[in-house]
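We've got the same protein chain twice here, in two forms, each standing alone as structure tokens: structure 1 and structure 2.
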Structure 1
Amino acid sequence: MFTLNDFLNTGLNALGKQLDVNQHRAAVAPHNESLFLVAGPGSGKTTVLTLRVLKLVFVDGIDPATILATTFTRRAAAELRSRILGWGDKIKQALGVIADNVQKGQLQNLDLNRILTGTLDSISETVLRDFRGPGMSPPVVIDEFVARGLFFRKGVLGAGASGNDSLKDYLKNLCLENRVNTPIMANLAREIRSRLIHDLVDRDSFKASQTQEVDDLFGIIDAYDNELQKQQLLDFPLLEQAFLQNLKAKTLTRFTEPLKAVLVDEYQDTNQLQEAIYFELAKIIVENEGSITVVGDDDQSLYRFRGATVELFRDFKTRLTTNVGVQPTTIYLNTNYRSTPVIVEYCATYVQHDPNYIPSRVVGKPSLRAGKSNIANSFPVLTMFRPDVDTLATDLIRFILDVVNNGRQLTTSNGQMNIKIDPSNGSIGDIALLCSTPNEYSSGGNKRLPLLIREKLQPAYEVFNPRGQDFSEITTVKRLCGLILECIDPQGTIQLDLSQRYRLPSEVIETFNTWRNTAEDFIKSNPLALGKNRHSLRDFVIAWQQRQPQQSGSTWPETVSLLKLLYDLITWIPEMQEDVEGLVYLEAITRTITQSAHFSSFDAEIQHNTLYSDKSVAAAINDILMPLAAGQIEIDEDLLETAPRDRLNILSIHQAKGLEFPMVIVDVGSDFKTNHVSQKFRRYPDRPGKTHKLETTLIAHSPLGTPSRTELDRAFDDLIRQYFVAFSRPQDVLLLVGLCDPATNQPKLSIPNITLGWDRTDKSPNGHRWPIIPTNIIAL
């Protein structure tokens, strides 16, 4: 459509964008050149992907409807799409000024909105729906909660496996679990099933290698799959499998035939099934003289536990050549524009400090280098190690408040420096604390750093830690669920009967009782609803308990929706009416109610004066309240988009992936008081985890074959990657926190910890290289 020069000079100019040599090379590569982009953190990969798409459209004249771009998360898909549309419109306007009449006409007909963007799951669903053949039903995809519920009821219980102790023992050994009860058996069986699909495992070959209990395992899996088929449902693994099957059977030719380009972000988190999908698409695209572009970073592969196979990325070049017959060009985007040179140096040194990690990486990968090299006086890396977690929390809060309020003075080799948030636009939301887990309590019930920070920061500031608390222990959730229980089962007789007949886990019963007590206390406090003629909560609850309608002259109906009860109860819980977070908790509960319809009788309705009145209450307790109490529900964090920003962010490292903050605090050891065996896996594994063991067992029967790296090596590799992601989140300041030896005030270097420079080979007491970088690191 336009020349490359026009696109670069006029188009990019309109965006105010400048590209470095490698970014430029990637963005302007010919339309039929496939690319393997190895993109380090902060290297501008979204910019490169966006400009590549726009170059294909504006220069190569490729119809946007023939371009497909996939990302790992919905949020990333929204960001990529937004950039394509926003920048595309600006470029279109700029080029319109210099266009001739023919080009003007082309621009007029250009519809960038036709570009297909999304996660692979959403694209699979869209394509299977929109391009389905005659007589085919559109796919109905169930989410995790429903899949879990169906798997338990129809899979485990349906196959009669709950009392199968030999199967439990088999799974215990297969998955390196200490204890396998029925719920754990269900989770493990489901995980194995997912892997069977994602890793394209030859089931017969796998079965032949196992003991006879594997037949019982497949009994569960087959029972679940049969149920899905009966209800014409797909879960996510089956959705992708269906997409691949249809691609191979060439039933989606209306969609595939015109395709000219596919771009895949976060390719390091791909599994074998997804790779097969991309290669099927690539074969067609290459025939159409198009290209496949993949972007990723093996050093940021965090999703092995969800089936990601980083070797697919590491070996992409040879794999594409072998499977598709096309050799991609490798381009390294190794210049980091996010962080200061000091932080970049820290990350680059850290990720290479363990020589045994190097063979797992992309061959020939250059070191990360700083793009902000002309920044004077960048802050050093900071450390704060204290004798115990309470002191650490206190001092850390002091530091954070200094930074937010008047600034904290530091004496560095470059002189005095003052760390302070931006006085005009800065806030405490510019700071994030990253932990391997943001849980507020340890498994032993002790307060962890995230909780101490939250408590000590109040009342001055709040924290934003949506995954920190157990959902069932949030005050408003306890109140609402307790009120529901008190309304539908006032004496607790149905709950008691359930617990005796079905052996409800003791933790669940305890939670139910806590909820009821919380509700009782809440009722006693006589909370006031807003409104002139407000009713009392007590009267409402009593009416429900007695099934006596409050409106005179009416009778209690045969069925009442549980959702109706819930919305009525919210009248007295303002947090669930007015706060963003309260609404998100409420949504999780309503979602549980509506989705229980898949596997629960009574459709979340409470019956009265029928043969099934008690059973309807039992179903509500068992199918809705129990999963809530057992922590099987996750909140939808996308709904938190309007949560106020002026809070300290506390996130897991996984949550932080893809994000950046001006200041990042990374907890490298606040939980590690001693060299205890129970926490080794979080700092210096001495044995592989369940994921690594399963991976070895299953992948041996997949096209990939037995992994080349040992299980223990993979465990170390994953830990190194996790903290590489953490260390590469900050723009300006990286602060490492943990526990110190009280005698020396130095970090506890005697406790092996990869974040403190230990590598996996040197197990001597001095087997570490601390500090990671020799200069530009200051202890607070």
Structure 2
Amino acid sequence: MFTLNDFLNTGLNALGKQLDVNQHRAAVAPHNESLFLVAGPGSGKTTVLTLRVLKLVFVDGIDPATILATTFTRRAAAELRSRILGWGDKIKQALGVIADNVQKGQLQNLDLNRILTGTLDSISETVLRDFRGPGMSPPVVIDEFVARGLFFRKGVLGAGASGNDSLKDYLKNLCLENRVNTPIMANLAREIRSRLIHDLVDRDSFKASQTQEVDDLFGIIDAYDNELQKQQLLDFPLLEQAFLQNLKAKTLTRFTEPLKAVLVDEYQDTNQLQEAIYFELAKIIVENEGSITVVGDDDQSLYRFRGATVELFRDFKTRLTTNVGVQPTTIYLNTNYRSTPVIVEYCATYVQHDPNYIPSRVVGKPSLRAGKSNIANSFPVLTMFRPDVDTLATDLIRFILDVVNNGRQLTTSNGQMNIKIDPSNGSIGDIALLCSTPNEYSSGGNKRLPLLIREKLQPAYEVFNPRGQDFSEITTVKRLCGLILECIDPQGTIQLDLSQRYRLPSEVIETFNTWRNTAEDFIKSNPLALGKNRHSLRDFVIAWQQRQPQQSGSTWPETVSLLKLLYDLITWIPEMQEDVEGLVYLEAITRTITQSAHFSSFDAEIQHNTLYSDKSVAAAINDILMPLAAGQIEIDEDLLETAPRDRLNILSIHQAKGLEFPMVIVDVGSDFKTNHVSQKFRRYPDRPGKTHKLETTLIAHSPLGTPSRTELDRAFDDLIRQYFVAFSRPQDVLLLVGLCDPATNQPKLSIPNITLGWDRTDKSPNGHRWPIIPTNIIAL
């Protein structure tokens, strides 16, 4: 269509974009040159991906419908698509000014919406639906919310496994868990099933290597799979498996034959099944004289616990050559344009401080370097260590309020510097606290830093931490679910019948009772309803219990939707209407009801005065409320699309992946009072974790074979990666917080901590001197 010079000089100028040497190489590479892009944090990988797609269209004349671009999360996929369409439209307009008549006709017919973008799950579903062959049924895919509940009901309870103590002991040893109750057993069995599929595990070989209890594990898995097959449903692992099977069977030729380019973002979080899909696509694309481009960073691989295999990225170049016959060009995007030079230096030094970590990285990977040049005006890396967590929280709140309201003066080697939120565009939402876990309580019930921050920051500001507690234990959730139970099953008789008939786990029954008690206490508090409804909550609940309308002359309807009951009840729960965290909880419950209704006997409706009245209540409790009570519903990432601007954001490091903030506070040790064995795994592992043990056991029976690195090495590797991601999130200010030795106000040198410069040989740099970088650090 247009020359490369036209694209660069006219198109990129319209965007106001300038590329460094490596970004330029990647964006303008020939359309048939496959690329392996190793992209560090803040290096502009989304920019490069977007411009490579647009170069393929505007310069190489590739039909947008023959380009496929995938990424790891829905949020990232939406961002990539937005850029492709937005930037593409600007380039299209700019090129239209210099186009001749033929080119103008080409631009007029150009439709960038035809580029297929999304997560691999969404693309698999789209392709299997839109390009299925004759006689093939479109896929019916269940959401993760439904899959969790269905696995618990039809898998664990359906197989009668809730009382199987020998199976619990087997899973405890297999997964290195301290304890396994029925809900934990469900989560472990579901994780193992997913890994069996994602890792392409030979099931017979795996079963032969295990004790006889593995048969009971497969009893759960088979019961769930049989239910999916019976209802002709797919969950996400089966969806990807079906996509691969159809690619291999060549039943999707209408989709595959025209393909010219596949681009894959976040490849470091790919599993073996997904790699097999990409390789099948790559074989077709190479035949079409096209290319595959993968982008990722082994240092930012965080999802091993979800089945990601970072070694696939590390060895991608060799694996693509072996399996596809193509040798990709490696390009390193190692210039960080996000953070200040001081932060970039800290990150680069941190990720290389442990010599035993280096072999886990891509061979020849250069060090991260800063794209911003003004080091004189860069804030130092800040630290705040205090003798106890309460003092830490108090001083941290004081610092945050100073930054937000007045500015905080620092005395540095470059003179006085002021840390202040931008008065015109900034807010407290520019600040994020990142933790290994955002839980507000420890396993022993003690308050952790996230909860103390929430309490001490009020009433000045609120925090946003919807993952601070287990979903079923959140007060608002307990109130709402308890009110639903009290309305539809006032005496608990149907609940009791279900408990006896299906031998519900004691944990579920206990949660049901806790919900009811919470609801009763709430009713006694006589809350006021919002809006026009001024009835008392007690009167409303009694009306439901007696199935008697509150308005005289009316009759109770034969069916009432559980959703209607839910929305009636939240008129007495304002935090589920006005509070951003409450809205997240409401969305999770609403999704559970609406999606589970499709697979429940009575479509989440409560019948009255029919033969099925009690059965409809039983279905609502069994199909919807029980999975909630069993802890099978979690706050998924797609419920957390954006971070609110008017709150302090508290996130796990995994949640923060892909995000950036002007100021980031990283908790590197607020839980570590002593060198206690119970929390070693989060700072200096002395044994592998569940993920690493399970990975070793399963992958040995997969095409990848036994991992090259030990389980303990992988535990250390993952901890280094986790905090590298945390340290690389800020744009301007990085603050590390934790506990200290009162005598020195420095982190306790008796507590090994990989985040503070220790390596896995039980040594920290410079004879246990902290920090990693002796300059450009100020202790607050």
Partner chain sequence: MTLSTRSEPYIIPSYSLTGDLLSYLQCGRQYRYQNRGALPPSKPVQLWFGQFIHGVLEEAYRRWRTQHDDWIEGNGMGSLLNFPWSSLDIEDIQNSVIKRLAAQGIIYRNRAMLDLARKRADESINTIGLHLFPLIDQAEVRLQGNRKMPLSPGTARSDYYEISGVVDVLTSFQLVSANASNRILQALMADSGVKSTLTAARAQSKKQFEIIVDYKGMRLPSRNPNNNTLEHYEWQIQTYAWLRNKQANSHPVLAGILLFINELVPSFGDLEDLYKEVIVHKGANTTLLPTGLDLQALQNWNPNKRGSKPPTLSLEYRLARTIHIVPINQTTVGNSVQQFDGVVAEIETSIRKESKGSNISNSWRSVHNSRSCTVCDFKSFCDTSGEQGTPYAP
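For clarity, every value in this text was computed on a predicted model and none was experimentally measured. Numbering runs along the sequence of structure 1, starting at 1. Basically, rigid core = biggest C-alpha set you can superpose within 1.5 Å across the two forms.
In this comparison, the chain shown as structure 1 is the form predicted in complex with the partner chain.
Core-superposed comparison between structure 1 and structure 2: the Cα of A460 travels less than 2 Å.
V342: CA moves less than 2 Å between structure 1 and structure 2 after rigid-core fitting.
A movement of the C-alpha atom of I665 falling short of 2 angstroms is seen between structure 1 and structure 2 when the two forms are aligned on their rigid core. Its Cα shifted by 4.1 Å between structure 1 and structure 2, N622 is reported here after superposition on the rigid core.
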